[in-house]
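Next up is one chain by itself, shown in structure tokens, the form predicted on its own.
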């Protein structure tokens, strides 16, 4: 299979490229810096320059003749939000996806499938379980962002592509992300539940994030929104307790809400409220999770045994 990947040098993208190559697929990466991408991935991965995804159409030559596009491009959400940062987060996703559609439209022998990264932040926050039919949260920055982001990706349907919106949860990865932010505090014995710890964390190990992307790529019946989260979300308290056990460190110091707000500003609200996401479509389609349980997933992600 011939696969084009955007956001290929990120945590998820680099692992995806590795697995695609390992199973014999031909990979093209669309990168702001094609030379850097060639140095990262080697000569057997084709690298095509897409210098400014927010203002330029994706290069048609990097999409023509490819079977699938996996679109992972976007500014990280987990950072302190200012007006400027929020604008960059939105533009990198909405404008980047709009310009990807322009590239796909111009491609000769268009791809047949688009797997477009999305986020569980589309759903209304709360403790009640939600699947792909769950309600959105109009007026909330992240929910409105995801609606607009997926709306741009939906234009690929009019171009004849099968489209999957991969609504990803909190990724547990040895390469950083949310876990990378937590580890220094927990290793120092300063970790603990946030603001009471009753809010849910809809997590997924990097192995399953990539595994589910490949599954959606290969499975003809996969289309529309697909939640990329583990089968059993946990509360923040359970996550903290389990991570402390894995690291052999106490995890009892409560983290007050105001401390998180000082650190992350408006973005802290995502952590303080949480969402209880269930991967109904993945389970219906028959995906077999590689790391479905939290403690083994944390051990694998922290190098403390699998």
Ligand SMILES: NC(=O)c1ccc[n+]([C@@H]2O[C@H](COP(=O)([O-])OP(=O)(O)OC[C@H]3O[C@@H](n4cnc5c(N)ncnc54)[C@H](OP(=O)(O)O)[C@@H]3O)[C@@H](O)[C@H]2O)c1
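Numbering follows the first chain given and starts at 1. Small disclaimer: the values here were computed from a predicted structure and weren't measured.
Heads up, the form predicted together with the named molecule isn't pictured, but that's what we're talking about next.
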The named molecule contact in the predicted complex: residue 149, any heavy atom under 4.5 Å: yes
Just checking whether residue 31 would be counted as a contact of the named molecule in the predicted complex - the rule being heavy atoms within 4.5 angstroms. yes
Does the 4.5 Å heavy atom contact test between residue 38 and the named molecule in the predicted complex come out positive? no
Going by a heavy atom distance of 4.5 Å, is residue 74 a contact of the named molecule in the predicted complex? yes
Whether 193, 233 and 269 all lie within 4.5 angstroms of the named molecule in the predicted complex by heavy atom: no
Within 4.5 Å, heavy atoms only, which of 131, 128, 88, 218 is in contact with the named molecule in the predicted complex? 88
Just to confirm, with a 4.5 Å cut-off on non-hydrogen atoms, which of 92, 199, 99, 143 contacts the named molecule in the predicted complex? 92
Which of 260-268, 240-248, 65-73, 274-282 has heavy atoms within 4.5 Å of the named molecule in the predicted complex? 65-73
Need the contact residues for 160-179: heavy atom within 4.5 Å of the named molecule in the predicted complex, sequence order, or none if there are none. 168, 169, 170, 171
